[in-house]
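Below you will find one chain, with nothing else, as structure tokens; this is the form predicted on its own, and questions on how it binds or moves follow later.
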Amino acid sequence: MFLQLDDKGPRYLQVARALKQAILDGRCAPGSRLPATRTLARELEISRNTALAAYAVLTEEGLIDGRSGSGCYVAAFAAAPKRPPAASAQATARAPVLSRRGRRMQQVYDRAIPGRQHRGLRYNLQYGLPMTNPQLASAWRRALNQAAAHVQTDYPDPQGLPELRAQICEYLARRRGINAAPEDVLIVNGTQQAFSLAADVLLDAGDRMLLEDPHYQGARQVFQARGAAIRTCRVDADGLVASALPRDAQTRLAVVTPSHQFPTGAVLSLPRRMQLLDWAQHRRCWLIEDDYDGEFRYGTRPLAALKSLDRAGRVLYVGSFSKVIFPALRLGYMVLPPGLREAFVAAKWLTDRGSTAIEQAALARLIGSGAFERHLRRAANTLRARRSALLGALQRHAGGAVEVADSSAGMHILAWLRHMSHAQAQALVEMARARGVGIYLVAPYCHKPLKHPGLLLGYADLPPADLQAAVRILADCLPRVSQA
């Protein structure tokens, strides 16, 4: 009997899997006698004990029967009836029946921006890559070890550990001007889950919701998958254009980035913040304030969050630790209006029963010890130097070809290519990549087609010397593409 082992795991399990497949495929007929363990061991060049262990696994699964003094036989019901070849091929080719949401999710995922394709790149200017901080890594390991030794092993509170929610409230009061109680805070698995919960709790399929344009495409994909009818509102140098907000009362939810508009970097002015809040109050529209990197500001005082100005209880504040610590830490939080707390906690509980307790406890220790804010201060200084290096290099080497939409915050800049077509911009991306530099177009973040192409350039992951080297290569590519 021919058996193909897969070289995965212990040999006895490999043999058991191969025999199981042969039985289920019908190559070993129901009721047929299997080779003796000595024979099987000789044929497969394994020990007899390995063969005995494999037969024991199949016996426990009910696929074979051992008969004293006679050997092992395939169970009478072990194999499914074989289909004719044509019917089997037809069944394989037939697409599975998915729900409407399942089909939308698949479509959105297929159209998603490709993952982090930075293999082989010497200089990758992709937004969202983390800044390496060995001191933070050490502090995080210590906090994890301490948390693992003391955390309760039962299911965590689905709303989040009380000690972490209390630390977040104190942090937000100091840094973002938000006065919240621990019962207002919900711990989530990153911003993406916050959007998913908001879509489930606040929107039905076909309901209208609003995004800035341009915007974070991950938010758009979540709401598209839920079947929301998406509107957009344009952005200028002062952020969301409040006068362009829809005047009807049919928009149920809007996602905004007032502290550092993504991806343009604009900061929403105070008059527009008040206009936005007034618009939401009078139309009973919920606002999600996505404060994705509000901790990092350079040369200006931190702005109070939109949530701190909200007197009507229309703002759901969303913060994340992915950008300020590292993306692998899938923890974020929402500060919810009182009327929404119970529904959001219920939705979170139904989704995953609560975020990981050990990492929550470690994060609470990190914030409470002061290590988190020390990291933020060091990170802001490092990012300031890297941003300055990138801006200086672009001015020196590519000043006539790019127009930088500078901002005093965040971990990326937006550089417009005013003198290029979209096809030329794509060619620039490919040419730079061939020379080891990863640059990325802003078009995927836009709902409506752009008049001019632009580049979203992240600088958190590269030291100043590498950023300068990357810009020199980019600057060498620019005239080559323009002349092609």
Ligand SMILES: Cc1ncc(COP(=O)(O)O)c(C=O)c1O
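One rule holds for the numbers: they count along the sequence shown, beginning at 1. What you see is a predicted model; the values in this text were computed from it and never measured.
Keep in mind the form predicted together with the ligand is missing from the figure; the text below concerns it.
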{"item": "Option from 368 to 376, 314 to 322, 203 to 211, 69 to 77 whose residues, in the predicted bound form, bring a heavy atom within 4.5 Å of the ligand", "value": "314 to 322"}
{"item": "Position in contact with the ligand when the complex is considered in the predicted bound form, options T264, T251, Q360, T191, heavy atoms within 4.5 Å", "value": "T191"}
{"item": "Candidate from R175, R330, R272, R283 lying within 4.5 Å of the ligand in the predicted bound form - any heavy atom", "value": "R330"}
{"item": "Residue contact check: Y292 to the ligand in the predicted bound form, 4.5 Å heavy atom", "value": "yes"}
{"item": "Contact of Y127 with the ligand in the predicted bound form (heavy atom, 4.5 Å)", "value": "yes"}
{"item": "The ligand contact at Y216 in the predicted bound form, heavy atom, 4.5 Å", "value": "yes"}
{"item": "Those residues of 334 to 367 which, in the predicted bound form, come within 4.5 Å of the ligand by heavy atom", "value": "none"}
